Structures are given as structure tokens and as C-alpha cells.
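Coming up is one lone chain in C-alpha cells, specifically the form predicted on its own.
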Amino acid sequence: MCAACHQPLEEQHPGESFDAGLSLEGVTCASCHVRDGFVLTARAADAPAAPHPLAHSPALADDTVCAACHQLTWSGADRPLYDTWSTWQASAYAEAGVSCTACHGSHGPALDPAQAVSVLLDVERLEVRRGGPPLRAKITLQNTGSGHAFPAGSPFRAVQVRLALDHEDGVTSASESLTLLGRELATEAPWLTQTDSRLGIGETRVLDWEGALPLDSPSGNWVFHVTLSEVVSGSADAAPFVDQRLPLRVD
């Protein structure tokens, strides 16, 4: 199942045509563009100028070609394991003719996930007293820039929303709250969906938070800190792609 998308060429699999070097390359240009000795193109006008045999393939311009690797149904599962294409297909984006390549391009890298979600902070005040009453906030998340569920792709990929009071030393924190946007699957086939907390297209979700500083908290500069980070199989994969800080006056 994995090799169908990650090693799609015959030469990448054991057999008479096996190429050890090519097997390590994963998805190459040839995966989509070479068939029967011809290089395929979605633009018919390219053919006369090409220095090699070229064939026009209208299918390359059809968004269903994306579904070959971005839509995957496991036999017996209650939902597709990869549903990026189907969530787009059922959206207003598809209805309006906004294709996958309109946002992602034909060969471009994945977009910055920060472009997919808007984050609005509503904090009741910008001061907090050590040992005093808690600070309350509302954090509004909205999927404003993605033509499919957010986060999309692998069911083992999620986004962690962290809310906390952080000290300037970068180590001390208080009232940390963690929320995951993603899916939880059963641990055995057919990988039934246990929960799905992703943001649908245009969906808004409000997180209520409150935090306080213990009386023995250090003095100095504190911030109300909001981050969104990608998580793969339960581990943070990279630095936060959203990092918002509100400086606080601390008494």
C-alpha cells in the first residue's frame, strides 16, 4: 500500500527491471510524466518544441490525478485514511473550479501551514498578579486558507495548539494547555477512526483558556504564548509555524 505512492515505478520494485538507484528516489518526474517511452504533458502546445518524444495527456490537468496518492481507502475502514482529495471535492472550492494546482501548483512544495489557519487572540487583560486570580482568554481558530480539512494528509500527522504563560528565560512556564487537531485511529487494521478533531473547510473553533502564576513565580517578563506546531506520530516535527506572544505586566 505504501509503495503504490512512495515507489510508483516498476523499476523501483524487485524484478527484472529493478534499478537500485531509482528505488531510493521515491516519487520522481517519471512517476507521472513517462509512459511507454513518451514524456507526457498536459499542454498540447508543448509537443512541437520538445527535444524528446512527447505525448499530450489531458489527464495530467485533471484533479483526479491528485487522488491517486492523496486519497486512500483501506478495506474495512469506516473512513478513508487519506481524504485530502475527497474533502476538497465536496467543498465550495471544487464547485467554484478552484483546483488543487490553483493553490499548490503542479510541482511546487507544500504550502506553509500558517497560510491555512487564522488565529485570533482575545485576552481579558494584559496584566497578571503572582498568586492572584487567573487570566482568561479565548483563542479562535479558523480554516480560512485550505481547500480541504486542516491538517490534511497522513492520519498520523496532527497540529498541536499550545497555550501557556511563558517566562523570558525560555524554560519556565505556567498553566500550559495542549490541544490536538487531528485524527486518532485504532492501533490495528482496519484502522477505524476513534476521533477526528480537524478543522473542516471554513470551520471556526474557539478554545477557552485560563491560567495563573503561582505566588513563587519568578519576576521578570512574561508572555501569553500561543503556538501551533506539526506533530507526527505523537512527536513535534519542527519549530512552530504559528508563534504569537502577548507581553504581560506582572505584579
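Note that this is a predicted model, so its numbers are computed, not measured. Residue indices: 1-based, along the sequence shown.
Omitted from view is the form predicted together with ligand HEC, to which the following refers.
Contact check for residue 95: no non-hydrogen atom falls within 4.5 Å of ligand HEC in the predicted bound form. Contact check for residue 80: every heavy atom lies farther than 4.5 Å from ligand HEC in the predicted bound form. Proximity of residue 178 to ligand HEC in the predicted bound form: non-hydrogen atoms within 4.5 Å are absent; the residue sits far from the partner.
When ligand HEC is considered in the predicted bound form, residue 205 lies well away from it, no heavy atom lying within 4.5 Å. Note on contacts: among 135, 165, 100, 161, the single residue with a heavy atom within 4.5 Å of ligand HEC in the predicted bound form is 100. Applying a 4.5 Å heavy atom cutoff to ligand HEC in the predicted bound form picks out 146, 147, 148, 150, 151, 152, 153, 154, 156, 157 from 146 to 180, in order along the sequence.
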